[in-house]
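Given next, in structure tokens, is a single chain: the form predicted on its own.
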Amino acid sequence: MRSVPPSPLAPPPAELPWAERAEALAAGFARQAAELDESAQLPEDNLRALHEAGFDTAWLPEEHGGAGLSWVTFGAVLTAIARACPSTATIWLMHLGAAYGLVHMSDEDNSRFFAGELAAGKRFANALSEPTGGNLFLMPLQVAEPADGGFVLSGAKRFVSGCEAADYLLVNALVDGVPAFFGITPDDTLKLVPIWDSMGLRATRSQLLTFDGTLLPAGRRCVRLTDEPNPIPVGLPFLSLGVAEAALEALRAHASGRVIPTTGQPLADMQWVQFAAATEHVKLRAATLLAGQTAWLADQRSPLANPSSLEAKLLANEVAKDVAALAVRVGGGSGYLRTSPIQRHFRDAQAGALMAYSSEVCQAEIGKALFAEEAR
């Protein structure tokens, strides 16, 4: 029999142990996911376990103390974590996005410093989204004024996942009319506004932070442009894919175990359930392949990775919502109860499409590019 070559969208053989290690950790995360959702508490033990297993620095280049793993493997790892506990996956993704951004965009000294702090187990968080900025989290509206030692910012940042445990924040503001990024250490000029009471991803505790004359040190300003991929645009589709996989598995478990009283057969034998589940399964497969291609493009440092990430996020977000909605239909009244994992998957599935860039912004950007190509 002819051997089948490995797929370029699957983790390379040498990196498979990392994916297997993530699956093993995820099994433990899954057992606590419902409790963390109920209590809306940070999954600090999960995040610590990921760090101790080496996942925090694994995708940094070797010169920064990392293992230089592929982004295809990152997708597999993040999907496994999101399938088990999407709140853990979200905080971890944002933590890596902030940390890797500071490592890649800072000058040489700060780059070494932040890489060392990440390796030491320090926590990072993104403080980029503004209450009036919508999805334009990379284009701040708030102005940082010149001050001794740098610039001062007064304003607010929202949806700062894991901020209560953060040792460093990646913050942006307008400086001389241009978006500028800084790595700062939280101090008493930052206040947390305790308004977090979300429908889904409750354990992310993505709080609102206010800044009152907070110093953005000139020495911690990001000064470099980089073509290194950032974990966030690569990873966002995989967050939704993990939720979709969990919802589909919950649907299958319920349909297989639920017996129809009038026929004595499991719900899974009903044709409409099979047809609907088949449709969602194929859509999930398609979304997984598109996300895998995005990760592969990131590994190639291709300029196509960014537009592909918008397409992959859009499809993955919509598939997650569709699979979770079908799970509610199949689950019926039982799936609507708080004791069922189906209702939690449904709530979590809504979040991906709301995260920047939202589904609507993705559609707008994809549509513009589509018609621009048509005009050419």
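Note that residue numbering follows the sequence shown and begins at 1. Computed from a predicted structure; not experimentally measured.
Absent from the display: the form predicted together with a small molecule. The rest refers to it.
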{"query": "Of Gly121, Pro179, Gly134, Gly219, the one that lies within 4.5 Å of the small molecule in the predicted bound form (heavy atoms)", "finding": "Gly134"}
{"query": "Residue among Tyr168, Phe159, Trp296, Phe211 with a heavy atom within 4.5 Å of the small molecule in the predicted bound form", "finding": "Phe159"}
{"query": "Segment assignment from 126-134, 248-256, 285-293, 266-274: heavy atom within 4.5 Å of the small molecule in the predicted bound form", "finding": "126-134"}
{"query": "Touches the small molecule in the predicted bound form: Glu23 (any heavy atom, 4.5 Å)", "finding": "no"}
{"query": "In the predicted bound form, Val361 touching the small molecule (heavy atom, 4.5 Å)", "finding": "yes"}
{"query": "Ala19 within 4.5 Å of the small molecule in the predicted bound form, heavy atoms", "finding": "no"}
{"query": "Partner contact for Leu201 in the predicted bound form: the small molecule, 4.5 angstroms, heavy atom", "finding": "yes"}
{"query": "Candidate site Ala33, Val243 and Gln343: all three near the small molecule in the predicted bound form by heavy atom within 4.5 Å", "finding": "no"}
